[in-house]
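Let's start with one chain on its own, the form predicted alone, as structure tokens.
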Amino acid sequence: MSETEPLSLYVPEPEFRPGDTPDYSDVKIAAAGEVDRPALNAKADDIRELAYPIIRVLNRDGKAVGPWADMLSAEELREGLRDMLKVRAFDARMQMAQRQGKTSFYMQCLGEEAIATAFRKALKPGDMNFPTYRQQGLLIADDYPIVEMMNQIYSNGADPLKGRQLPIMYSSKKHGFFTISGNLATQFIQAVGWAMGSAIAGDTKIAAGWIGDGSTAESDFHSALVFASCYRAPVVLNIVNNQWAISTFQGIARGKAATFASRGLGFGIPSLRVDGNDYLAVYAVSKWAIDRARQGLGPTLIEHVTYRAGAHSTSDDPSAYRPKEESDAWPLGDPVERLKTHLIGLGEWSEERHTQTKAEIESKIVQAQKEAESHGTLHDGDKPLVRDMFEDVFEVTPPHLLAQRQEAGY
């Protein structure tokens, strides 16, 4: 390039576009059991290498191998499989409900079920999650009532949030699920602040923040890492790298960084990558990070490597920007099938039992949907009262809201 030629910008492009044949043969994936498990009190500088390989437990034959294995009993594994089946069945029914006009909007976590469900099992009561809109598994794995979730989606008369939140933006203090915000990356700074508050109060509760790969480009992401690192906040910061933002592949947000986890290294934060489609690996890595936080050893950054098998939302058409076959070509497989295969290999499950359990769960989800719809949907049935929008917002209702409520006739 000569001195007189104009400058130009480099714009990253995904490897595959609609019409291409996806090929992930060159993707570097560590063998299951290959990545060491460090001591709980390991220093960030001593485990820098963990920000690059993917920690895996289940091998191609469905066997659990390596230093991160053998942390869950057979019953806990069966419960994890049932949790993922519940999430998948719930998603399918709510996706259908949106297509039928019963709610305005929905977002699935198809292919990502292991991440939230396994992470939730490593937490204790009182710990607080600051989730985005694809962590419904945190609630379902903690036995939050399915009917209540559906009522919130329908914004009906039994909606626990009284119609004041968009569909899928749940909230439950009891279940450690902070109110979802559509402004992404705010979850990280909120989680760090909550964790700092817990430490200042001398409590034992920790926080967990959640964002997607695209949100790491937001300034809030970096601000959170500064405070978490500086004050050694008891927090676990989760990046769900599902390869795609709404229509932008993960390379746009990642830039020239080798991995998203490696961004934590510059802040002195222990950073790991885990196979997000491996229930056992997600649980083991999450437990390690959560135990570190609870023992006052500071924050951990986890990059959960997975794939968004469905659309970004019901407003999105992924066929416009990625090949239809890309999901099937993704090398880490289906989290449900992988855990099922593992349990069958242990002699703790069978194809017949899986089929029966799946049918039972789907039947219960259908019954929950009927109950929720008896309270109303987007266009039919009971609605929250208009006056409810003014209640439970401030401890003492300010004068301007009192005036608005009176003007509205309440």
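From 1 onward, residues are counted along the sequence shown. Being a predicted model, the structure only gives us computed values, none of them experimental.
Below, we turn to the form predicted together with another copy of the chain, even though it does not appear here.
Taking Asp61, Glu351, Glu49, Asp26 one by one, only a single residue has any non-hydrogen atom within 4.5 Å of another copy of the chain in the predicted bound form, and it is Glu49. Think of it this way: in the predicted bound form, another copy of the chain has a heavy atom of just one of Gln135, Thr216, Gln108, Asn242 within 4.5 Å, and the residue is Thr216. Of the candidate stretches 90-98, 336-344, 76-84, 265-273, only 265-273 has residues whose heavy atoms lie within 4.5 Å of another copy of the chain in the predicted bound form. By the criterion of a heavy atom within 4.5 Å, Phe221 is counted among the residues contacting another copy of the chain in the predicted bound form.
Using a 4.5 Å cutoff between non-hydrogen atoms, Lys121 does not count as a contact of another copy of the chain in the predicted bound form. Using a 4.5 angstroms limit between non-hydrogen atoms, Asp203 touches another copy of the chain in the predicted bound form. With a 4.5 Å cutoff on heavy atoms, Glu325 does not count as touching another copy of the chain in the predicted bound form; it lies far away. Taking another copy of the chain as positioned in the predicted bound form, the residues of 289-313 that bring a heavy atom within 4.5 Å of it are, in sequence order, Asp291, Ala293, Arg294, Gln295, Gly296. Contraction of the Gly310-Gly255 CA spacing by 3 Å or more is recorded in the predicted bound form, set against this form. A change of 3 Å or more separates the two forms for Phe260 and Gly255: their C-alpha atoms lie closer together in the predicted bound form.
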